[in-house]
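Below, in structure tokens: the form predicted on its own, a single chain.
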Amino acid sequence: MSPFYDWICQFYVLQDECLTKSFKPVLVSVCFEFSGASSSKIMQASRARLFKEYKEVQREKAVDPDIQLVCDDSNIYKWTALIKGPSETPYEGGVFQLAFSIPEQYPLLPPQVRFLTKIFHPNVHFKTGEICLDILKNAWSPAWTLQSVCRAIIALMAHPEPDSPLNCDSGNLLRSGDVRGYRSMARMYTRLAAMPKKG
């Protein structure tokens, strides 16, 4: 692993609260420019981090049964996850599949994550599965892992943010106070797309 790359990751973890959201991308760009680190070194460091996470995922399978992370056999930058819908939500009982596309600069840059399973949620685009979550954009920190990203998505499922919707129909229901309508629609799609068919 590149010592410079490792130092930057540690710097982020320790100094994350002191860095403004707008300054982070600038810091990453400047550090890469002056480090002289080749793309192969950066990729090597990224792969080392992902292999470390893979080992941790294997150890935590029994600890976190609501998340099942799987790495593609031929590409460590492609992962999928199965997450269980949180209890006491319209997604309870459903199993939702996520697709992870991880940049070679990971963990300095966040993974791209989207739902493969259809879900009716204010912060998830119904057609593309894109997720509106700050940690996947300007609030990302190398302290996050793929496992913790899954936990954050489960938390978002339980606590939607209707003021920043990607699904306007879902967001409008919550903003207008029609919680029953939102829950009914979300439950219907959970049964249709995220629950095993009986018989």
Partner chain sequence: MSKRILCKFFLHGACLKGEYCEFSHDWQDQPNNICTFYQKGVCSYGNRCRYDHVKVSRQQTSRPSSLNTASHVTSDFHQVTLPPVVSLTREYNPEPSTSVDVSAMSLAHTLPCKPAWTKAFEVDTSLNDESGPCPTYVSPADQPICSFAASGKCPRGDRCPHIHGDLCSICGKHCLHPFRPDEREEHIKMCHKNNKHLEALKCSQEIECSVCLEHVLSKPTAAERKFGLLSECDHPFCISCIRNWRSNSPASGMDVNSALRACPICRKLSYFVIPSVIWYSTKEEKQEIVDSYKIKLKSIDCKYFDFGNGTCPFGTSCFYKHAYRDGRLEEVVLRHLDAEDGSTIIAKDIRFVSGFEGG
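Bear in mind the structure is a predicted one, so any value in this text is a computation, not a measurement. Numbering follows the first chain given and starts at 1.
One more form of this protein exists, namely the form predicted in complex with the partner chain; it is left out here, but the text below deals with it.
- Of the candidate stretches 168 to 176, 63 to 71, 148 to 156, 49 to 57, only 49 to 57 contains residues with a heavy atom within 4.5 Å of the partner chain in the predicted bound form.
- When contacts are judged by a 4.5 Å heavy atom cut-off, N138 counts as touching the partner chain in the predicted bound form.
- Residue contact with the partner chain in the predicted bound form: G94 places no heavy atom within 4.5 Å of it.
- Heavy atoms of P142 reach within 4.5 Å of the partner chain in the predicted bound form, making it an interface residue.
- The partner chain in the predicted bound form is approached by P110, whose closest heavy atom lies within 4.5 angstroms of it.
- Residues in 80 to 103 all lack a heavy atom within 4.5 Å of the partner chain in the predicted bound form.
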